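So this one's two forms of a single chain, laid out as structure tokens and tagged structure 1 and structure 2.
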Structure 1
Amino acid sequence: MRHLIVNIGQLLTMAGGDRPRRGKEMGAVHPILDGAVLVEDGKIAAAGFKDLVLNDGRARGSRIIDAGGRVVLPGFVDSHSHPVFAAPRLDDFESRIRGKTYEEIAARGGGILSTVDKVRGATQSALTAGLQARAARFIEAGTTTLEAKSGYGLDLDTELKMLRAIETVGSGGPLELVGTLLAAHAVPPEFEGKKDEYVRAVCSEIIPRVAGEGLAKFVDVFCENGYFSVEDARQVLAAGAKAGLRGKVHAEQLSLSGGTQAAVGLNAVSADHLERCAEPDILALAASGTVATLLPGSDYFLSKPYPDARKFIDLGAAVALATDFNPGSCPCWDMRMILSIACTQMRMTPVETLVAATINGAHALGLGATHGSLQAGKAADLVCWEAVDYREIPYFFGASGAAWVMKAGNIVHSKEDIRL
């Protein structure tokens, strides 16, 4: 089955080499005016100037989709989220409004452990149904690939339950889900005062079982004062690597923990949050293959300082943007809102945010060779936006703005009732 998308006012392909974009490259993407995209069997066959695409012999006889002079670009690749949970943390929300800190709320039984309690009590079918409903919202907002973490179980059975829910929803589509094991998210109540024992259990029991069942691609750790140390992170990522899982690190969110340097030293695919990063950390990221994933939605929701995105970009780090969607510190699935925050609060340019949310997000999931740009052979994941200028995408916020969304060559959301 072939589809030819024409009458594209601005086409941003994000095309380039098989590597994340860094420094000035992030701002060097220019829209193709009057572009076209040819899709065959769920993949991009050709993308670029209309005349060149129409000269491709495969374009003849293709089903025509008229983009109406609007903007088309790759679907968002959201490389950091926590979308499996049983209920939002509304009490925490109100406590923060009344002046309580993240740490104070956690100490009083709120925060991560309150979600853990509810997830442990939920059935796998209930978690699956909740995730399926949220997946539809991501698709409507233009996200076609989503990293989905566990981490609200903190024991073998519940972590498996969460990851099986992720596998079930991802295999059913249309949203592509990439599972990440985050058992090292917090120390569970039954291991209070015995963190080292819990880390050993994560490394010797949970990681091998999850990897053996093929339920995750990555292993992650919350490297933060009061949670897990740099040495803990090293142990967890080493155990993950032994089991065939690549590493990710929550680093420098609340304090300068050393997690970024640990992530770089262990060749983690990404270091995420990074609000407290110092210049040596940024330079280490710039000299490495580790993607710096910034999550400004959580800073907005928690009223925390934003990371210095300009410094990351100017020093040559590969920057990605993601939602950090979760029930406590960022209940936002809309990448468009994240891009708007990155522009207005972090001084990223509109095109830099789009690069960060597509091709760099793909590299933050080890998917840069197949996702994140509209190039021949890559997944036909693209969005037609209700916009005539790509800068409108972060400019307007409060609604998704996606006219239609294509995943693997199929229209999976459309305000215009497009049917293939």
Structure 2
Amino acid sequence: MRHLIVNIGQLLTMAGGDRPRRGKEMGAVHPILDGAVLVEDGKIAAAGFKDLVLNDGRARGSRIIDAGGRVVLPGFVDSHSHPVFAAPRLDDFESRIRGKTYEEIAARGGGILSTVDKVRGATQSALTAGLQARAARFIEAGTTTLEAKSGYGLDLDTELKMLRAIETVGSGGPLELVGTLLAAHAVPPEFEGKKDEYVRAVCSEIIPRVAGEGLAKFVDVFCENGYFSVEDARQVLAAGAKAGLRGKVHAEQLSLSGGTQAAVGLNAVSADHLERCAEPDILALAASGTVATLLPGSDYFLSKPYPDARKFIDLGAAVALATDFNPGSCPCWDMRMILSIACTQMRMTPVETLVAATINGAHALGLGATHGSLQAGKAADLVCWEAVDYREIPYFFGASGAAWVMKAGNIVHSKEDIRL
């Protein structure tokens, strides 16, 4: 069965070369007015100007989907998230508002280790069900491929449990999931004061086992003062490379600790966060194949300074945007909201944010050849937006979270079947 999508008011295919768009190339994308897309067997058969697509012999006899003059884009590729957890951290949220520091929150039983505790105690089926429900929210928000990290287990069994939940949801539902092993997210309580020993366990035990079971494509490390050093990161990425897992690095989020240049030096697919990067780090990224993945949702939620996105772009880096969805610092599954933050708080242009959220996100997952743009042979992952101008996507912000709404005794909106 072939489908022909027509009456596309603005089509942004994001088509280009086989590398991520970097620097000025990120702004050099223009919408096709009155475009069309031909889909066959789950892949793009043709996409572009209507006349060209309609002239394709396979277009004849296709079933028509009318986009109603609206905007069609590749589905978002969200390349950084922590979506497997047991409960939101609402107490931490409120404590931070009341002025408690990170250390005080951790001392009162909050912080990342409280999530680790709950995830260790959860069954795999409970984690799977929670992830399944969240996956539906990502899809509704226009994300078709999501990277999903482990990292709330910090021991072999729980890391495996998380990655198996990711595999189950990714293989059974519409949201494509890419697993990343983040055993080096924090030092677990049972290794307190014995970080080197934990790093050895990660490298010699957890990485080979996860890679052997094919449960992850990437290995990641939280490189930060008080967590894992640049030397730790090198060991983790080297062990990953040996096992066939390419690297990702959480770098320079809270301090300038050197993770970015380590990521570049070890050919990581991406360096993520980058709030505290200095110019040499940005220049190193610009000269490398490593994607600079910015996560401004967490800066918004924690009310911290944003990375200097303009400098990354102006110096020629390939920038991706991702949600960093997680229960502690970014309870947001919505790439559109991240694009709004990127436009309003980091002065990225609307088109730059869309490039960062599609083709560059795909490259940040090593999927640039198959995802992130609408080109013949690539996955038919695309979204029709409730918009007639692509700039509306980051311009409007906000959500609906109401299950149902009663006005003067009448149900006036409902996501479920309620009869009065």
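Rigid core here is just the name for the largest C-alpha set that superposes within 1.5 Å across the two forms. Computed from a predicted model, the values in this text were never measured in an experiment. Residue indices: 1-based, along structure 1.
Matching the description of the form predicted alone is structure 1; structure 2 comes from elsewhere. After superposing the rigid core, the Cα of Gly9 is displaced by less than 2 Å between structure 1 and structure 2.
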